[in-house]
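One chain comes next, on its own, written as structure tokens: the form predicted alone.
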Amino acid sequence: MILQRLFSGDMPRSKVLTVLLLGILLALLLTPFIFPGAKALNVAAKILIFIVLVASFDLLLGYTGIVSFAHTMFFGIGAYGVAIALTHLGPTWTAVAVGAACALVISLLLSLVIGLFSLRVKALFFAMITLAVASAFQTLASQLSDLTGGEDGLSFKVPALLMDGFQKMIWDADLQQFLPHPRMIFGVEVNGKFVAFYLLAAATLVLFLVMLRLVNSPFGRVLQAIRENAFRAEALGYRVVVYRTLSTMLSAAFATLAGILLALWLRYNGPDTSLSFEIMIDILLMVVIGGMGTLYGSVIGASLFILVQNYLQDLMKAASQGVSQVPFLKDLIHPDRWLLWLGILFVLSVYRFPAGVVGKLRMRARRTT
């Protein structure tokens, strides 16, 4: 009963999917303890951030049926908002709050303008308008070097709690001064990165549950009705433009929050970090792989895609060394060709799971009951 309320009645509805989700959750939460090393921690943090980002895009595409290419713009606004505030106001929580508030206001205003002026046109024209706006914003961020750091971006300090040097201070009687003493939990040092990771995990869980509640509310049902048949929804008395605009604004707000989390984790932000079109393509791939209109698909899609993106090249390198005596096969699986195999894996996944992994597992569960 408590779980039903926590997940807004929208349970996985598949035993296999439930096991997958629990496995991903446990692996992410235990990453500092079972996967030592900076790379594993960064990959887990990126998965958490992209779960929020992909879920926010699914709110727009999967639940409302709106195709937008401006999603990374809102992602970048969140990251730049915090980066600029921390750079100019110093590494304080007040600066984080000011940067986050300004970023959210800018994102909501921009999404409102885009929604009101663009959602009255056909879907193709709306997609092209959002692409143009996103490209213009990326160019603007690259050229305003005094504010955004230009192509080099901004490196900044974060509040002391999130710094790597965050340690407990113990009084040394012999030296008559306080000395840093690392806190340890099961052999893992509790430093700023450790604290930042679990704050990131908590924020991801809260934001995901909020979005899950949103799509399972009466408002979310209207969005799904608009996705299925906008004319029928209009005939029933729902203001389609209003609901689409609100959906655009909510999606933009969650994407902005994901950008804030990215900036606080990386302590850096630049045009290629949060505004590039490649990120937009990655988001689309994650939504399709996980399954549109499910939200749980964002967890599956982000986890699978980012793991493959970060470790496929390493696996291919090991495999290439193992078949170094086979000329053609050695060249075929050379680690420099990892993008080719990533594309092949994506095509196969779409062919095998046209409704996404979540959709496929739920359909299989329905057939067996």
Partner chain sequence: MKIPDSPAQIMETLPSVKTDRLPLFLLPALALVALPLIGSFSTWVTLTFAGLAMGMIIFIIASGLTLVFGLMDVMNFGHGVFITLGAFIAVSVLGRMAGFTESPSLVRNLIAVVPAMLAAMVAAGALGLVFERIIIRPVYGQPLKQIMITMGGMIVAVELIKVIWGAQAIPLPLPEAFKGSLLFGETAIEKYRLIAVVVGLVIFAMLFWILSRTKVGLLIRAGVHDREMVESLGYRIGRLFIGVFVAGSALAGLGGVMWGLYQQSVTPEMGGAINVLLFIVIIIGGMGSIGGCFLGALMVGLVNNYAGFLAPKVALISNILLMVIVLLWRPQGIYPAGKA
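Here, rigid core means the biggest group of C-alpha atoms that superpose within 1.5 Å across both forms. Residue numbers count along the first chain shown, from 1. These numbers were taken from a predicted model, which means no experiment stands behind them.
There is another form of the same protein, the form predicted together with the partner chain; it is not shown, and what comes next is about it.
Among heavy atoms of residue 61, some come within 4.5 Å of the partner chain in the predicted complex. In the predicted complex, the partner chain lies farther than 4.5 Å from every heavy atom of residue 77. Using a 4.5 angstroms limit between non-hydrogen atoms, residue 135 touches the partner chain in the predicted complex. A residue is said to contact a partner when one of its heavy atoms sits within 4.5 Å of a partner heavy atom; residue 23 fails this definition for the partner chain in the predicted complex, lying far away.
The partner is not drawn, yet in the predicted complex one stretch among 195-203, 100-108, 85-93, 135-143 has residues with heavy atoms inside 4.5 Å of the partner chain: 135-143. Checking 261, 154, 162, 288 against the partner chain in the predicted complex, a heavy atom within 4.5 Å turns up for just one residue: 288. Out of the listed residues 40, 67, 318, 27, 67 is the one that sits within 4.5 Å of the partner chain in the predicted complex by at least one heavy atom. If you take 211-225 and check each residue for a heavy atom within 4.5 Å of the partner chain in the predicted complex, you get nothing at all. With the core held fixed between this form and the one not shown, residue 9 has its Cα displaced by under 2 Å.
Taking 2 Å as the criterion, residue 333 counts as shifted between this form and the one not shown: its C-alpha moves by at least this amount when the rigid core is aligned. Superposition of the core reveals a Cα shift of less than 2 Å for residue 61 between this form and the one not shown.
Between residue 349 and residue 310, the Cα spacing is larger in the predicted complex than in the shown form, differing by no less than 3 Å.
Compared with the form shown here, the C-alpha atoms of residue 64 and residue 343 sit at least 3 Å closer together in the predicted complex.
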